[in-house]
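Listed next as structure tokens is one chain, alone, in the form predicted on its own.
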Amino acid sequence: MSKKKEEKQKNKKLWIYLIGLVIVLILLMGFTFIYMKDKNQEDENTLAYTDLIKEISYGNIEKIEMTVGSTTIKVKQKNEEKEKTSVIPNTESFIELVQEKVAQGNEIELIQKPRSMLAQIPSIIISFLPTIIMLALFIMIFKMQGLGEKGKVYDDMQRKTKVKFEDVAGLDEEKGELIEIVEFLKRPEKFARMGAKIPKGVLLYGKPGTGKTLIAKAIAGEADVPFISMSGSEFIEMFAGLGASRVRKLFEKARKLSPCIVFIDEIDAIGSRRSSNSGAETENNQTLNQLLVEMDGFSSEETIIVLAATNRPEMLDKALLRPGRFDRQVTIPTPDLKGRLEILKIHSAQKRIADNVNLESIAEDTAGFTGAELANILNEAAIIATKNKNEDIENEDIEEAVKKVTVGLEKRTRVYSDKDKKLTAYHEAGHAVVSRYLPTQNDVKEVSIIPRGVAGGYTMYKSDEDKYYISKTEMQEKLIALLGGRAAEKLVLDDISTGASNDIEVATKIARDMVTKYGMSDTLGPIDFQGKEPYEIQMFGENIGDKIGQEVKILIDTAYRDAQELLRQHRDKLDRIAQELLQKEKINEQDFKEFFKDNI
């Protein structure tokens, strides 16, 4: 049995034991509560202690039955058939009183019984309960202390990662940069002869789904060395000191397996900037400090490389990023056209793809998609093809998968009123017509008033070009396209709706970024205001916040007016497309172009 399975079984048994212990404690406490409740419950057969003393003094008590160690006694009164119970405060004093009355001539039968084991159980449980609870907590804390040893290990004997560089597509330059790490791990002596020091750490950062974890595994697979993987969140717990302890244990394991790779995913969970706050921040600081100490503590004989991944590099502490810790920082970008095609080929190899499916066309239409998103599209296409009872995955299945992933699930059963349909048709037609007359905007691929996800309709554009820079003109025209739907509502229906809420949200963010991040304001100039503290912004003037707001508003207002003007000039196209949508509910790329043939 592999070590991983043994460890899982061990952990499973421990948790079953702890859960069982908690259940037993709850049951025992419930039993004790019921027992004590029944034991102390007063009813018509209970005799108060003061009344008992009076009855003994009057000579009305015939028999008293006591249990050793119990304060509850049974009393038989003369001329009474039923026995009564009474609670005495002091057993020894009460026995002396009874014996005194017997000596004075009262005929009282005093019977003392040994205590039964069943009666002793509640008191035993109560006495040992704190010890049992403390023991359970100790076991849990001890187990949590050991979580630092639970990093996933892929080594020569077990679970060796089989991922190679050939399994990573779309990152040719990045693989070229990281191949040196493989050489360091395979033949460190070659670099040592030249006096070169092995890099201690490599930080991989990029958008989620770009392949940071995959390329880290590929490095270990190519170097054929153990690969220890942990997530940053696994170090952090509510108990102080556990994070630092786990970091120590992780690197102790790495030293035993050297040469090896330690991979910390989502390192921003423990590597964020240190602060002087108390509580959880203090624990994070201790964990980060321990990580810094461990990375500084590598000797030249220990061939250990720390790989880390994050999609928020700006959050990391500067001490982590200095040379000697994370010596290299490699950006993992979204794949370009060639990379997307290679990724699609890898993920389609295990799927039944129809001969007429053109992967190059899919790669062209998915600009900006990450590797994970492309894999998800093909998987969704396979599911859709299965539901449609197709023999193979067709082009229509892939197109539907792209829409499902980007826009949402189609909802044909949703019932809309004629008024809502008309509003949606003009809204989407407004987007499409405005975009058609904006030179920098992508061509319209499909317009639909069939609800998808949370949207009542959608306008899909062709994304067949990889863009690395966006000009000011392009961003201004993007604002016009976004506000085309709202402008069409106002122009045709002389009313506006909540349907443009997402358009307005996106447009406002673009306009704010243009002013505060990209320095595209003619009035404020090329100054970066984003992420600045209030006192830092104040250095540019007292009312700088108001000026930023005014610049953003000017951009939005101008775009809205331009959208309305374009729609007034091409009102005939707007009406025709909206009417076509009301009849067919969907217009594809070819049909959309037919409306503008007279403009060619």
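Residue numbers run from 1 along the displayed sequence. Bear in mind that the values here come from a model prediction, so they are computed numbers and not experimental data.
From this point on, the text means the form predicted together with a small molecule, which you will not see here.
**Student:** If we define contact as a non-hydrogen atom of the residue within 4.5 angstroms of the partner, is Gly243 a contact of the small molecule in the predicted complex?
**Tutor:** Judged by the heavy-atom cut-off of 4.5 Å, Gly243 is well away from the small molecule in the predicted complex.
**Student:** Verify the contact flag for Leu214: yes if a non-hydrogen atom of it lies within 4.5 Å of a non-hydrogen atom of the small molecule in the predicted complex, no if not.
**Tutor:** Because a heavy atom of Leu214 falls inside 4.5 Å of the small molecule in the predicted complex, the answer is yes.
**Student:** Please tell me whether any heavy atom belonging to Ile343 falls inside 4.5 Å of a heavy atom of the small molecule, as the geometry stands in the predicted complex.
**Tutor:** Looking in the predicted complex, residue contacts with the small molecule include Ile343, since a heavy atom lies within 4.5 Å.
**Student:** According to a 4.5 angstroms non-hydrogen atom cut-off, is Leu493 in contact with the small molecule in the predicted complex?
**Tutor:** So Leu493 does not count as contacting the small molecule.
**Student:** If the cut-off is 4.5 angstroms on heavy atoms, which of these, Leu307, Ile219, Val447, Leu171, is the one near the small molecule in the predicted complex?
**Tutor:** It is Leu171.
**Student:** Taking the small molecule in the predicted complex as the reference, which of Thr366, Ser86, Thr210, Thr287 has a non-hydrogen atom within 4.5 Å?
**Tutor:** It is Thr210 that has a heavy atom within 4.5 Å of the partner.
**Student:** Could you tell me which of 348 to 356, 370 to 378, 416 to 424, 479 to 487 sits within 4.5 Å of the small molecule in the predicted complex, going by non-hydrogen atoms?
**Tutor:** Selected stretch: 370 to 378.
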